[in-house]
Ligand code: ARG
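There is one chain below, alone, in structure tokens, taken in the form predicted on its own.
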């Protein structure tokens, strides 16, 4: 497929003493398409060429040798050279980039999206199982290893809506990196260690017989946790006993270890139901406890580096020169901290996965923790490439209208309850609008879960979210259900036309109208959008793109008669419809949203 940016860069570089690769990084895509499909800002060259940007633009434009099969024209507007691509060439390139048979993966098994197991393939026989060979399915294997740490709920505590963001942002990033050809490892760094488990153990000792933990583990353990927390506020001796329990757990105490294992086993069964609903999976469940025998090395390395200092019985790394508080590595009672285990995890991941990036999808409340962590990691003797690859991917908090949630206070909304409520509401809407729809339960699940996931990924991840049932389950406007509905419409059009027409029957000259061209440009940019997502670790870029594509198709659908007496026109428009459906489905699945066949 023609890379229009590269072609423009090559032409410009012939007339200035700057490499085409450098020029390509300067080329922009105007927000207003009337100002061209690409624009080169000449003020970037003013300092080097010692001329005004306007004169530079005029001089370059006069020397350009435009191949009109690639570019219709180039024109100067102020300090910019605006380029207009050949619409028919664009259409032909994209059409030729699609193929009508499925691609086999490395194991020889058919995969409709050219991806691996994390993104579900299209069902067999689906007319949209075809793969866009060039524009959608990158064939390159990128020799870079990406570790993504996401979800990470605390065992023995509710899996609440506060965990939703890390889970769906992390899974979307996992899917997109994998799709682009990276080697990706998804890690669920479970919160399965720490002082809170000393509290849980103490509460279980005192009142375990009063609660039905076997049949309702998370709710009952939460009641114990809230109760023991309240008692700790009143009685310092109880709080000390809780701290001692955790130290015993670290030292391998048989009783404490047995109870802790029970909490973990019951919790993971509960969590799995939520992950199944969301379609979320992991390559590793190595949580904090996994590093319990790996922390001595961290302490030794920090001592060897001469940065571990005694402070009131604890061992800390002073961070005053970085305007940060000390990082506690060993508490005064000899137990370790969250930071100690995170440092051990960095060592382990560098040695095990040889990562290019180690991404931590954790709320912005932990920004200081990660700044300190990455600073102290410099003393672990790791290669510089690992230190450069450490990256915190922060996101805003989810809050109730009444304020911040707290497990200690017992005011949380369980994520499983939220997802089931979304499914129930979706089913009610289906019952009202399409009571005869087949597989209503399955469709309701896809629509309800899709609404929740898309709502979370629709805006910049750093923004806080105030949780509102009415807003989060609004099925109108720029939502997940809107994208699903548009996909279902494209599928219906293709079926009405009798299926996807053969590629060699498509005449691209019937796709050069404004509405067709708007769609084609979006399809052409799909892979670039995914690259932008990984550059910024920002899934909302893809969410916004899918809304734009759905809107562009709605305009095309309203302005063009697709099922047409002229078979050539019909074939072109149906094939464009097919491509839109393919891109919508692929993009939605990368976000973690499944498409229904009918709504």
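Note that the coordinates shown come from a computational prediction; the quantities given were computed from them, not determined experimentally. Residue numbers count along the first chain shown, from 1.
One more form of this protein, predicted together with the named molecule, exists but is not displayed; see below.
K.L.:
Which pick from 394, 208, 191, 181 sits with a heavy atom within 4.5 Å of the named molecule in the model of the complex?
P.N.:
It is 191 that has a heavy atom within 4.5 Å of the partner.
K.L.:
Among 335, 154, 455, 445, which has at least one heavy atom within 4.5 Å of the named molecule in the model of the complex?
P.N.:
None of the other options qualify; the answer is 154.
K.L.:
How about residue 315 - does it come within 4.5 Å of the named molecule in the model of the complex, if we only consider non-hydrogen atoms?
P.N.:
No, residue 315 is distant from the partner.
K.L.:
Please check if residue 362 has a heavy atom lying within 4.5 Å of any heavy atom of the named molecule in the model of the complex.
P.N.:
Residue 362: contacts the named molecule in the model of the complex.
K.L.:
Please determine whether residue 526 contacts the named molecule in the model of the complex, using a 4.5 Å cut-off between heavy atoms.
P.N.:
No, residue 526 sits far enough from the named molecule in the model of the complex that none of its heavy atoms falls within 4.5 Å.
K.L.:
Do residue 366 and the named molecule come within 4.5 Å of each other in the model of the complex, heavy atoms counted?
P.N.:
Close contact exists here: in the model of the complex, residue 366 approaches the named molecule to within 4.5 Å, heavy atoms only.
K.L.:
Name the stretch, out of 335-343, 432-440, 271-279, 254-262, where some heavy atom lies within 4.5 Å of the named molecule in the model of the complex.
P.N.:
That would be 335-343.
K.L.:
Who in 525-554 is close to the named molecule in the model of the complex, meaning a heavy atom within 4.5 Å?
P.N.:
Result: empty, none.
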